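What follows is a single chain, given as structure tokens, in the form predicted alone.
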Amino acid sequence: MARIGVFICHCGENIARTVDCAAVAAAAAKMPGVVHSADYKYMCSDPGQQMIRQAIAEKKLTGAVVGACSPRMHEPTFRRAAAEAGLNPYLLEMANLREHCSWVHEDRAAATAKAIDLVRVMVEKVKRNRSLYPIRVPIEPTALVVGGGIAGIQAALDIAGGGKKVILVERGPSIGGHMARLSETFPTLDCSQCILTPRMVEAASHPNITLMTYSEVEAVEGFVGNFQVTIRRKAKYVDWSKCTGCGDCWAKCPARKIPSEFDARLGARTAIYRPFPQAVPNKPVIDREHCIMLTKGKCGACAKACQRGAVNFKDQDELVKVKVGAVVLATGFDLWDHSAYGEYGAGKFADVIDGFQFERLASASGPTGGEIRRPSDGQVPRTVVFIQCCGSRDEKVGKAYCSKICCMYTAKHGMLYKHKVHDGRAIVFYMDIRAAGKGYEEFIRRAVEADGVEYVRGRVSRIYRRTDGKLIVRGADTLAGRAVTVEADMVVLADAVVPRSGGEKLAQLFGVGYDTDGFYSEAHPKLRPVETAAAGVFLAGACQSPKDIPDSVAQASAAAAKVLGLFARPELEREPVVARVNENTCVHCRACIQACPYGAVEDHEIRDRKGHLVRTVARVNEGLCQGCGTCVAICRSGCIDLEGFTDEQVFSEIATLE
């Protein structure tokens, strides 16, 4: 016989302002099977939880219903309290009286009546609940970090520092990411390479980190604790075990005018190259598309110059399979292609550049040796216009979000320019200044007051080039209420931050969601900001949203902490809310196998004692199942149930409202 306890929370005034909580508790006390009913101002508080524990023990409750806020917020709290009192935690249910009732209604009487119905529904459900127990899954204590930027490096170092093995995969020839391309960093203006290079070397030399550069994730199988990941190690055409990185090969390479990706296409590289002098690993690769030997069968100058015989033109891609227990995605970002802005020249003006190009001009290791020079003719620009929010916060180009870092790096660019061209003019057109970080507001003020960067509040409507080569920038000063025309030698656009190319394909491989802009989606924006809906897969850095270096590093360490927490035990305990197949009634139509988004439903052969095949049915892999219920909905024979949401439970909820 059911003995149900009902506990109604006022949630301060969040629920009580609209719902008569005492009336709900009184109505619940009259429901069949309910032997105890109470209300309290803060049921999630320690006294509130003690009320629940005491009632379970004294009233010998067989089930409990808590009417409070979202189960996503406090269901683990109340279930833990039930377990401490000796009640199986899955015999406790929550009625969402806040989001589903008080927050969406104004009529107190109607809201109270609805709250009573919500409690009645959960009472009927909990009568049919049965004890469930966590699923235990063995864990492979090795982590995969995808992306070798500062976020990926930090996550790998933290996990490795915790004593666990890490495989760090980077699709470029070197780790370092975008941070390696920066001249200086805000708000301290310290050298980017001085901060980053020691970290890169530490990651490459750490005994717990296996570095796999020039590699990409090809396929993913398995589930949390037991992922099988196939990694494609792209052909480098250089045997790194023999190569010493001496540089003789690229010094002799005749293909010398290939735009350098590292220098934002402002500089040139050879067909055999290392991305930058501080690259880790400090070994070259051959660009197959531009190598004369690989495209035309002629040349071989690099092979002749190499004294170690490290050049191998017969090298092939290699597929490597690794087993890992957790994954950190740190794939970073790109800058939006501003050629979509026809009013800004549609990418046709050489002296209209993006932020990364300006960074390489300002960098001592850049194509101009750190001197600010116009790409078109190499002259020093005397007037430079910086335009913020190029693509960001602009729905007409599909980027309604703020790119977060643009205000700060534009101020930094203005300061770097003034430091190098003392008599030059740096003019910034901005919509708003968003400097929400430690020392950020002071940094903006320093740019204006100490370095003389001019700020104009307004949008630029058009950029065009005059016959003498000058760029004419037409805009508006909304504070002065007048039109502004500037004759500029160079324009720097703060292009929107967008996800890295190929990010959506990678998300699909790991079963991670992503938003309309392509950024990876976290499991919960407040309570689970580094986790994803795919168990065992975590996020770090700008792949989730635009971030600066401090935020990227902080999130990387948070993701690493989650991984180490996962690896702290030999087995993983998972929620038992998974699908189950009644193998006696399964007709093996395979509809569930085709529909499952997680690949959790598999073919299973039933054999007799002699090993003869009797029949084949569908079976759910508990490690992979995420409890979404898709298979339940699509099963033609109705032989699949979702634990905690069986047909009997759901139909009883519906029936009690009739």
Partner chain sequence: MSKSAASKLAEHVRRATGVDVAECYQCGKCTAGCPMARWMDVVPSQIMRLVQIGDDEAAARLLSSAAIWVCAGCLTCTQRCPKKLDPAAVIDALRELSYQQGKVPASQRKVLAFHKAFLKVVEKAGRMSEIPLTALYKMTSGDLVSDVTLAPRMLVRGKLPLVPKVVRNRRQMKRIFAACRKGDRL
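Residue numbers count along the first chain shown, from 1. Being a predicted model, the structure only gives us computed values, none of them experimental. Definition used throughout: the rigid core is the maximal C-alpha set that superposes within 1.5 Å between two forms.
If you look for the form predicted in complex with the partner chain, you will not find it shown, but the lines that follow are about it.
This chain lacks the partner; the member of R457, R171, K127, H74 within 4.5 angstroms of the partner chain in the predicted complex by a non-hydrogen atom is R457.
Interface residue among R288, R528, R446, R393 relative to the partner chain in the predicted complex, by the heavy atom within 4.5 Å criterion: R393. Each of M431, R462 and T478 comes within 4.5 Å of the partner chain in the predicted complex, counting any heavy atom. Contact with the partner chain in the predicted complex, judged as any non-hydrogen atom within 4.5 angstroms, is confined among 329-337, 574-582, 342-350, 406-414 to 342-350.
Among heavy atoms of A483, some come within 4.5 Å of the partner chain in the predicted complex. The shortest heavy atom separation between E106 and the partner chain in the predicted complex is within 4.5 Å.
Although the partner is absent from this view, H588 stays clear of the partner chain in the predicted complex, with no non-hydrogen atom inside 4.5 angstroms. Interface residue remark: R500 is not counted as part of the site for the partner chain in the predicted complex, having no heavy atom within 4.5 Å. After superposition on the rigid core, the Cα atom of V104 is displaced by 2 Å or more between the shown form and the other one.
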